[in-house]
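A lone chain, given as structure tokens: the form predicted on its own.
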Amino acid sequence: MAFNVKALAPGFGAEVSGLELREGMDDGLAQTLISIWRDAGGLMVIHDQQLSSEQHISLSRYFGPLFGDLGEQPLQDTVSQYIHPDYPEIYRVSNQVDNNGQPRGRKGAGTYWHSDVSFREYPAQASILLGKQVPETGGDTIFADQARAYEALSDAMKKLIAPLYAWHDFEIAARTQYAKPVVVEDDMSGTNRARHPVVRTKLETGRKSIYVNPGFTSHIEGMHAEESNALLDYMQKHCTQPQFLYRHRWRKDDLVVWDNRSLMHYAVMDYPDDAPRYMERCTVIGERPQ
């Protein structure tokens, strides 16, 4: 199957066109796309993909097992109402409601810098988001390359953060981005809390990246609060400098695949409610960060 690939930005991201995945995916094509995705630093945009939910799930499983697969807790309780009623593997993002007045998905999802599900012992690897309805303007997603951000640090800073661990806790987002009665107190029990290295190494490439994010990282282990806050604040500002960013302007039926192990992202909610937005996301379970 012939298709075109070009860079999204210098040294970061791949844009794929001329490919219709609804016609079917085999192991060969899947491995080709995964190689393109990895070589592009973990960000790939595939345009014009009119996939059913079943096709979306099937394609996503080539990247690994999904949150929502049998035997795996789908996600945290707070967002359970946004899981697709027929497909537990799919998390829905939308500013629309159904005929019964119930939200079709999470409105304003991801309007803060974060890495998906970093608060789990085995956090997300790939997120695979399909834009089924997108506003004519607005609703962009900004991605920050944590690998290039790490590589730009001084040797002294790399040495400082190399042995450090940080705690990631869903409560950080739940207390600030969600509100009762949406917040479920079970989310605050520690189930959605995990300790990860501040610098993680991607197993298949050996490339290092910074692995803290403002959305879920609560503190750096072993530091006083003032020290931890200062270092986390420095890293956030460093990682979100313009040279590490790519801002994606959505087109209808864009399929965007990103690697949560080396990227943060921020969803810009600058569109009105009368500009319909509906997206479906499959999320691949990753390895324990090393």
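Bear in mind that the values here come from a model prediction, so they are computed numbers and not experimental data. Sequential numbering from 1, following the sequence displayed.
This protein has a second form, the form predicted together with a small molecule, left out of what is shown; the following refers to that one.
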Out of 193-201, 81-89, 96-104, 111-119, where are the residues with a heavy atom within 4.5 Å of the small molecule in the predicted bound form? 111-119
Only one of V134, A147, L129, I172 comes within 4.5 Å of the small molecule in the predicted bound form by heavy atoms, so just point that one out. L129
Is R261 near the small molecule? Define near as a heavy atom within 4.5 Å, in the predicted bound form. no
Is A267 close enough to touch the small molecule in the predicted bound form, meaning at least one heavy atom pair within 4.5 Å? yes
Using heavy atoms and a 4.5 Å limit, would one call Q125 a contact residue for the small molecule in the predicted bound form? no
